[in-house]
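Heads up, the chain below is alone and in the form predicted alone; it's given as structure tokens.
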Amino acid sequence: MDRQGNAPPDDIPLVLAREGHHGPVIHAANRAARQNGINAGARVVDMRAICPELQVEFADPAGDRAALDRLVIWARRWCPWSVRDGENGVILDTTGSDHLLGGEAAMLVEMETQLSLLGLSAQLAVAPTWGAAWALARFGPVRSVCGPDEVAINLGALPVTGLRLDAETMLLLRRLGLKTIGAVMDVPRLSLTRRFVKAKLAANPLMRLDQALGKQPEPVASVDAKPRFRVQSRLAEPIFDPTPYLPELCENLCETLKQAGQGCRRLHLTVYRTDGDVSHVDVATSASTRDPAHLHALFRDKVARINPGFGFDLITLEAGGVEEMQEAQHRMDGSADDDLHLTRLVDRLSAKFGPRSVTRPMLRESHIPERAEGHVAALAALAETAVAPARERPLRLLEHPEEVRVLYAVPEGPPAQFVWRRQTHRVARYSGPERIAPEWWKDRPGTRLRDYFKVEDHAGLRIWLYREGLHEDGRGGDPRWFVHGCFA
């Protein structure tokens, strides 16, 4: 269900369902469904018996949570402090900012108007404490405004559900005849303390009551929005080539990143044409950097591909993949690290030939030599790689093993003499074998095991030689010999 734009009429009972232990249960219900006695937690099949015209849609809790997190940041147009309140609420600390919007009542009207423009319905309230605002927004009058001296009076008539307690504690209070918050206030404090002294916050009505009345602090710990590193150049007259402005934009952006102790792995260049069209150019780096000259060089030959149209009047440059970066001295003598130059070379090659043209090796989870290594794009994010094999592997591994012709076989060990690539090799010394069994979950039936030998011929050439199969192993004829690589 789209919660924005095409919401069903309010007179149609509608619920969101989620999977429960005994079938779908109600996750949320609109006003019409609640008026028919349908509440969250009930089974859908039971509610259909009560309300046959009930419409059911599946809930998306993860999507709702992400949307609520975005709403928390969006709500900071009214105050700098905001935080998500559970799964369906937002708390704003409007202290000192409400008068800028004409007072608390006018601020609530403004909030309701802006939220309705987003297609959202809201229940709003202003109170001196988090708990009082939570209760008044859900169970109090529309757009309630509660002063510091009116908290106890306004909360007294509200149902005890407004104390944000769990279901078991709510059931206990109802059995005790405590149906309103005022009834809980009238209970002697010592009695509540004895009964709930070991209860947690969600099951302790005394602590929840103190929070609502302001006797126990409950500050708003606002989450921080990730800063955007973005610079722009607004031009007085349209231009047709943004290249002259790129060095200054890169300088300003890198200076901003340096002051924040950050580096970036991507850059997004956006040019706005006077006719309303927008063009983008993206570049990436293999490592975090804030070197303006290096970043500027990545745009070489890319900006010229932009269609200028009638000219550009605005250029923006934004950093992506921002991560913490610290200045480090790589060598004792203060010289540069050779690896840093390698990353710059990779970036330039990737920018010129495309990100898929430059790759790097990566270990894989396999003990078969040709499967233990793969290649990924050099600009791809580093992922967890497999552990390197404990045994020595050849410096050069042939993509496909090459079969050799055995001239002088030895019962145990590698052949004493064999022909490979039209040359005869006499084995001077060897070590091994290292037996590698086939991966039965990948190989076809009949795949044979391998016995690898490191051999050195009479000319000093070190070869990685293996025998495929054993005599009379039932998986084929005689064993075959292959060369799989060469050592340094």
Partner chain sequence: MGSLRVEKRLAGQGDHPWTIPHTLSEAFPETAMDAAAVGFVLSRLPRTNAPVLWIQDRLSRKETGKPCLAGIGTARPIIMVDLSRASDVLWAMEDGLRCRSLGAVIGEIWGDPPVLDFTATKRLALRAEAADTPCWLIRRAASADLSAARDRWRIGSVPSAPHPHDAMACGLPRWSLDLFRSRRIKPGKWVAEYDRAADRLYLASAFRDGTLAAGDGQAGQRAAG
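Positions refer to the first chain, counted from 1. All figures in this text were calculated on a predicted structure; none of them were measured in a lab.
If you look for the form predicted together with the partner chain, you will not find it shown, but the lines that follow are about it.
The three residues 363, 375 and 393 all sit with a heavy atom within 4.5 Å of the partner chain in the model of the complex.
Mapping the unseen interface onto this chain, residue 456 counts among the residues with a heavy atom inside 4.5 Å of the partner chain in the model of the complex. In the model of the complex, the partner chain stays beyond 4.5 Å of every heavy atom belonging to residue 87. Contact check for residue 461: a non-hydrogen atom falls within 4.5 Å of the partner chain in the model of the complex. Contact check for residue 359: a heavy atom falls within 4.5 Å of the partner chain in the model of the complex. Among 379, 137, 253, 207, the residue placing a heavy atom within 4.5 Å of the partner chain in the model of the complex is 379. Of the residues 429, 444, 70, 422, just one reaches the partner chain in the model of the complex with a heavy atom at 4.5 Å or closer; this is 429. Stretch-level contact analysis of 230 to 238, 147 to 155, 312 to 320, 344 to 352 against the partner chain in the model of the complex, using heavy atoms and a 4.5 Å limit, identifies 344 to 352.
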